[in-house]
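Okay, so here's just one chain, in structure tokens, the form predicted on its own.
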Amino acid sequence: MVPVPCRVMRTYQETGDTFTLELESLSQDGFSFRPGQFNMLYIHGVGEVPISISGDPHKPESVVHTVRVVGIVTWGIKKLRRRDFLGIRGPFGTPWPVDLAEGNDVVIVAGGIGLAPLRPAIYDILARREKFGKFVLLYGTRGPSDILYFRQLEDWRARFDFDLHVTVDRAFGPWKGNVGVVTTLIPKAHFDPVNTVALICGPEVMMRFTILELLKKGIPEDKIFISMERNMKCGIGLCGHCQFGPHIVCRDGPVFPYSAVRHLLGIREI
């Protein structure tokens, strides 16, 4: 319940409304977390907000969050400068099942800022690349200017052990890549469906259609995992703000097996 102070090391702009914040952990042991978990970021006198951890779990000396400016707290975080402080509570939440995926092919599908909660899983898989089969990342955004981690995606694309495809809903300017929703990339991906674990994060409508396409491909529904990062507020399951049917997302999630929430995704008003 008590925020731990962290010092801002640097911030850098990702897109027009999204930036990445790198914090220095003041703990001697660094900051340990598992891919898929989130922190509560606190600014004194302003409030706190849940933000997924988007850094490398193998580098505990820094804490990285990619933040979209959508309210007064995230705006306050954006105004922080080097050597400023903010408070952190966490890490909270269930992780991506990266260990469970060992020995399988892995398909990651991200939409928009949904790439940020998935990036720690990507780091973890690449750090232990020999333990996994084929590795595929499919990423879609609204337009070229909305692509997160542009230079890092270019570096990843150059790897020979990583199949990466990026698409945009609408193309303009010098863009010469794929155009269309992210599900149009699934036929281009090569993997063994029966022995594949899929990790998905993005807008709920995108996740629903992605799941349908992956099921058509033959991926078992118990090997599909999604992140339901919506309406979280307190981080510890007390306020009920993020209730999703019988689940409290910040306590029981945000990562869920698709089989556990399948019956809820199609119900309006949940």
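Everything numeric in this text was worked out from a predicted model, so none of it was measured. So that there is no doubt, residue numbering starts at 1 and follows the sequence shown.
Absent from the display: the form predicted together with a small molecule. The rest refers to it.
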At 4.5 Å between heavy atoms, only one of the stretches 164 to 172, 71 to 79, 132 to 140, 184 to 192 reaches the small molecule in the predicted complex; which one is it? 71 to 79
To verify the annotation, which of these, A101, A121, I108, I113, has a non-hydrogen atom within 4.5 Å of the small molecule in the predicted complex? I113
Residue contact check: R208 to the small molecule in the predicted complex, 4.5 Å heavy atom: no
Answer with yes or no whether I226 is in contact with the small molecule in the predicted complex, where contact means some heavy atom within 4.5 Å. no
Is F31 near the small molecule? Define near as a heavy atom within 4.5 Å, in the predicted complex. no
How about P50 - does it come within 4.5 Å of the small molecule in the predicted complex, if we only consider non-hydrogen atoms? yes
Even though the small molecule is not shown here, does it sit in the predicted complex so that P35, T94 and F256 each have a heavy atom within 4.5 Å? no
